[in-house]
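Let us start with two forms of the same protein chain, each given on its own as structure tokens and named structure 1 and structure 2.
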Structure 1
């Protein structure tokens, strides 16, 4: 194309493209907006979205599997053995609970929402919920404690376990004294952890 032709072509081409662009924008001016008014209107989150963890402590058997699965170690679980005379009840899957769970803390600030803790749980008591608004001003408030045992109950459970262990040790000692055939076994070590 000669230089003059290019000149006119450029002018009309740019005008044409401007009109094309303006047509597109005016179309968008009258379409519905893609955004929502967030705090009042919320978008539906996907069914399998992973957000805040929740623990149904009544079902927890204190197996510690979730804590071991956690890649960032944000779950801390303490357990106390129960004595044979107390019945801790059954879980929703009809397995017997044998351990007290005095401490079940999840540091949600550390949590990476991978969901790895959810799958190993034998009683399905640790789950991902759809709650995602839980910011706090104090970082300590992000450590969630799910255990429902009071300090008195914890102390009682420890006391009972101690007593039980002592009784067992005494029994063992009595058995040993009666028949000292085997070499003396190790001293009772187990106590409240």
Structure 2
């Protein structure tokens, strides 16, 4: 008889465990879900979250401080000096722009999101945004170019700078040629008494 008692005990125990499991399942079936339906509903990001970088190129003065502060060298900046006859305007903080910025690239694939590039910027043109979805199939698409200069504008700026440098060199040479040549002065010998 003990085998029959064990048999019915096992049946009772299995039904009991199924009922306990179903009780937990049914209890959670009618409670409010804690899951966020991600693509359509997004959680609020903390205020100081570090995500994708954005550069307001109209405020950039080409100082290269963000690139120097970057520990992984993901920021590449090229500049062309402006000539005095060209006014590049002012930034939003009333800083006079003196350099063209034909290239301002950030390689997001290298970026470690440390935020060290944001703080040294004197014009606050580089900021961390709240965009965190930017996966790509091609790594080349992770290089973000923020410059708005066309190749014709770049060539024109380089040509103006080259012409200006040649004019300045010619002026210096003319001033040097026009200066009278003075022989080295001989100092009178002092007499010893």
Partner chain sequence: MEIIQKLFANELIVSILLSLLPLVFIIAYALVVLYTEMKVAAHIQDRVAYMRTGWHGLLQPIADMLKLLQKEDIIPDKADKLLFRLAPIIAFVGTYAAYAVLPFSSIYIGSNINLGAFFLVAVGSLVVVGILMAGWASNNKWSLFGGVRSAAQMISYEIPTAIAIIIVVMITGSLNLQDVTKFQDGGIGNWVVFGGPSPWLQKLMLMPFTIITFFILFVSSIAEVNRTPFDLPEAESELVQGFNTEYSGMRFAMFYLSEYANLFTVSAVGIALFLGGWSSPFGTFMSGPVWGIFWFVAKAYIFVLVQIWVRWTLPRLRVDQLMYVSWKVLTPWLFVCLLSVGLILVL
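Note that this is a predicted model, so its numbers are computed, not measured. For clarity, a rigid core is taken as the largest C-alpha set superposing within 1.5 Å between two forms. Positions refer to the first chain, counted from 1.
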Seminar exercise, completed: Same chain, two copies; the copy that is the form predicted together with the partner chain is structure 1
Problem set entry | Rigid part versus rigid part between structures 1 and 2; hinge residue out of 154, 35, 136, 89 | 35
Exercise. Can you give the angle, in degrees, through which the smaller rigid part turns between structures 1 and 2?
Worked result: 27
Exercise. After superposition on the rigid core, what is the displacement of the C-alpha atom of residue 16 between structures 1 and 2, in Å?
Worked result: 13.3
